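What follows is one chain in structure tokens, specifically the form predicted alone.
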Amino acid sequence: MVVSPLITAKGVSYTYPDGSVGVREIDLEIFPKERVGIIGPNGSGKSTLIFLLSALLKPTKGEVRVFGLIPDKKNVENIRRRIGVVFQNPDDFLFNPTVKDELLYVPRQLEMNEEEMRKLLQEYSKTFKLEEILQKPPFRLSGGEKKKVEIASVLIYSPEVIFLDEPTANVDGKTRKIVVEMMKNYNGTVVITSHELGIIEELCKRVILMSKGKIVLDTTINDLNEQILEEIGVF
């Protein structure tokens, strides 16, 4: 049985308004239930690639298809409801009045019933140890608390694909452990960027290495060549 890719990029390039190049000439296929790690030095295009693959950015050149669709004004909202994105900086994500409202924002948009939302709120606030801050505004939280709220707010509605941009940056060891365990138990497709090779090794079987906006290596975690990483300056 031939499995079709969930997300494809063909000849994709993106140039920011200031003229800087985010990515160039990207060809990529991501398949259902894959665990893909994207690594590379700062400025290599990792975050830009995630934003393109998740339909948050439109390519300057080339084509991205998500669930077989080219994102446009008619379908992009439905596409995004099936995708979760964890940003490197939680302040780019959090906007609701309280942590509770943040966790329930998408479930409400999806018109889940009150009992289902109550159970989900209880489950995820307990898992991420958020019970005591549910009524707090997100802007008053610490950096680690914001990250936990952001990740819980994505996982709570069980998207088919989750993109995580440096999910363990600026979090303590306990939060890191929670994130890793939740992602291990998650049943969908995962695409993750990280400067922490350990988390890539724990969560991903496939690794994409980027440098200067291009994919320079697409391999398995077992075949990753440490010499290549050192030469490009990834770690």
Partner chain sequence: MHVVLEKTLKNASSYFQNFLIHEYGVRGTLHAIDARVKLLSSFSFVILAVSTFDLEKLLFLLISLLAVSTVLGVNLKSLFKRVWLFTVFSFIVVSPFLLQNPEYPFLFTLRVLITLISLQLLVMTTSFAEICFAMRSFKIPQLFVHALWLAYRYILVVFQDIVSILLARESRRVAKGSHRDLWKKGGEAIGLFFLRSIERAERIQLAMASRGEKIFEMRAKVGMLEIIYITLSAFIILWWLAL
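This structure is a prediction, so every number in the text was calculated from the model and none was measured. Numbering follows the first chain given and starts at 1.
Keep in mind the form predicted together with the partner chain is missing from the figure; the text below concerns it.
Chemist: In the predicted bound form, which of the listed residues (I30, L56, I200, M182) lies with a heavy atom within 4.5 Å of the partner chain?
Modeler: Only one option qualifies, and that one is L56.
Chemist: Mark L120 yes when one of its heavy atoms lies within 4.5 Å of a heavy atom of the partner chain in the predicted bound form, and no otherwise.
Modeler: L120: no contact with the partner chain in the predicted bound form.
Chemist: Please determine whether F51 contacts the partner chain in the predicted bound form, using a 4.5 Å cut-off between heavy atoms.
Modeler: Yes, F51 sits close enough to the partner chain in the predicted bound form that at least one of its heavy atoms falls within 4.5 Å.
Chemist: If you check in the predicted bound form, is Y124 within 4.5 Å of the partner chain, heavy atoms only?
Modeler: Close contact is absent here: in the predicted bound form, Y124 is far from the partner chain, nothing within 4.5 Å, heavy atoms only.
Chemist: Flag E77 as yes or no: does it have a non-hydrogen atom within 4.5 angstroms of any non-hydrogen atom of the partner chain in the predicted bound form?
Modeler: Yes - in the predicted bound form, heavy atoms of E77 and the partner chain come within 4.5 Å of each other.
Chemist: Heavy atom within 4.5 Å of the partner chain in the predicted bound form: which residues of 189-211 meet that condition, in order?
Modeler: Contacting residues: none.
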